[in-house]
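Consider the single chain below, provided in structure tokens and representing the form predicted alone.
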Amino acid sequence: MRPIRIGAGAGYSGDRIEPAVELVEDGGLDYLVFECLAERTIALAQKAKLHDGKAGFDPLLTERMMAVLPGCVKRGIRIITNMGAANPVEAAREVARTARKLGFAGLRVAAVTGDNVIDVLDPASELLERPGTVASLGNRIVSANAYLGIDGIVDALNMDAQVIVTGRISDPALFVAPLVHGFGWRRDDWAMLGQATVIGHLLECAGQVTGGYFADPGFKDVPDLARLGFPIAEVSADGCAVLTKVPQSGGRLTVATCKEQLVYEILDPAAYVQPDVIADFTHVRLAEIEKDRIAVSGGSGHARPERLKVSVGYRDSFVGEGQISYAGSGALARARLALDIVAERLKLTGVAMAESRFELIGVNAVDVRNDTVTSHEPREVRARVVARTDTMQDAVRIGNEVETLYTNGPAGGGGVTKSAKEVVAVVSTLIPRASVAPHVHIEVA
């Protein structure tokens, strides 16, 4: 049985589009996967759907399909993506409309649903990241999406869908599903599913494994990052894989880039809990067999969990922010004075803040341990005030107080920006597997 070639076309919602087109044209793919759904993304998508029943899917869905569908249809490459976000059915309809515009009438597009569990969520279910239960969130909940596994995608592939659009599905499952479909692996072959999860985890962030988020000039050099190529996995029926990329693309694939991605977001390498398997990464082996070709083997796993993780989105608070710049001699002292003035003004005017930060970008905004400048005084400093509030009115007043520094603060302030927005936060809980049922809906272009 020949290997299956899977390309990673995106590692997040706003990712570059050209690398996916390059994969389609020169990657020799069987499948192109777009992983575009972060935890917070789906909560925001659910919020958008509340305002418009036809919204709630990835904003770049149409643009991505316009770019890759012609090549995928021509070469028989099947597309799998979680760009459906909060509205997979409407996303599938949009893909079908796009296909018709491109002249591909008859294209089968599947929507995988069933991840929306807001109506069956148990109020007594404990929250994972903090004390409390689902009930403690009251009427502020806007979404509850369970992490589905491979089942819906495999069903859609069996129904001859060429494009499959899902909502919340575990990231590795997007890559595991075509392997299970193609090689006919058993759903309880935990060792094989564990190895497939290793492959999916290496691919899921796309450019991160080919040198993106890796480069450190002089220490970890990566060539041609402006043309970073995205990864391809050549997977054999025994689960062993070779990771590579299109030869002329930028970036590097090395054992080091793969190691960094392998430990990304892993809490316990011996028990990486996924809907389809509890994967074990502790015996993974990576070997460079030639330039930009890394062999991956040794992944394993144990029986899948009986409860699935659920991301619960809820209206949490509001955030107000204001920034202003100071440059030249005494910039640091003037910026510090600006922060002191805003702090006092917010106190005088009674702005209630649940949490706040007063920081000097370039001095202590990221490295909060360092509030002193020992070697030299910066030539420019940007003062930033950000605070979490219970009302939008108070959030707006944060930026307004920064703006008034123009004529009420230190000399030479400029470039004010300000914003205020509602915060939709995400917290996790668990739900019995039996309460979740994936479903496949087919649209024909």
Partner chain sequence: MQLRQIAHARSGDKGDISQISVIAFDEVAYKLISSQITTETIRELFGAVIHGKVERFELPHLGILNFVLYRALSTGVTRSLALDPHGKCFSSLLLEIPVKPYSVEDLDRKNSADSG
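Positions refer to the first chain, counted from 1. These figures come from a predicted structure and were not determined experimentally.
There is another form of the same protein, the form predicted together with the partner chain; it is not shown, and what comes next is about it.
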item: The partner chain in the predicted complex: contacted by all of Asp216, Leu267 and Val426, heavy atom 4.5 Å; value: yes
item: Arg345, Lys259, Arg93, Arg307 - the one with a heavy atom within 4.5 Å of the partner chain in the predicted complex; value: Lys259
item: Residue among Glu234, Asp189, Asp316, Asp292 with a heavy atom within 4.5 Å of the partner chain in the predicted complex; value: Asp316
item: Close approach of Ala387 to the partner chain in the predicted complex, 4.5 Å, heavy atom; value: yes
item: Distance check, Leu127 to the partner chain in the predicted complex, heavy atom within 4.5 Å; value: no
item: Contact flag, Cys240 vs the partner chain in the predicted complex, heavy atom cut 4.5 Å; value: no
item: 4.5 angstroms heavy atom contact with the partner chain in the predicted complex for Gly212; value: yes
item: One stretch from 159 to 167, 275 to 283, 106 to 114, 75 to 83 that, in the predicted complex, holds residues within 4.5 Å of the partner chain by heavy atom; value: 275 to 283
item: Sequence-ordered list of residues in 93 to 116 near the partner chain in the predicted complex, where near means a heavy atom within 4.5 Å; value: none
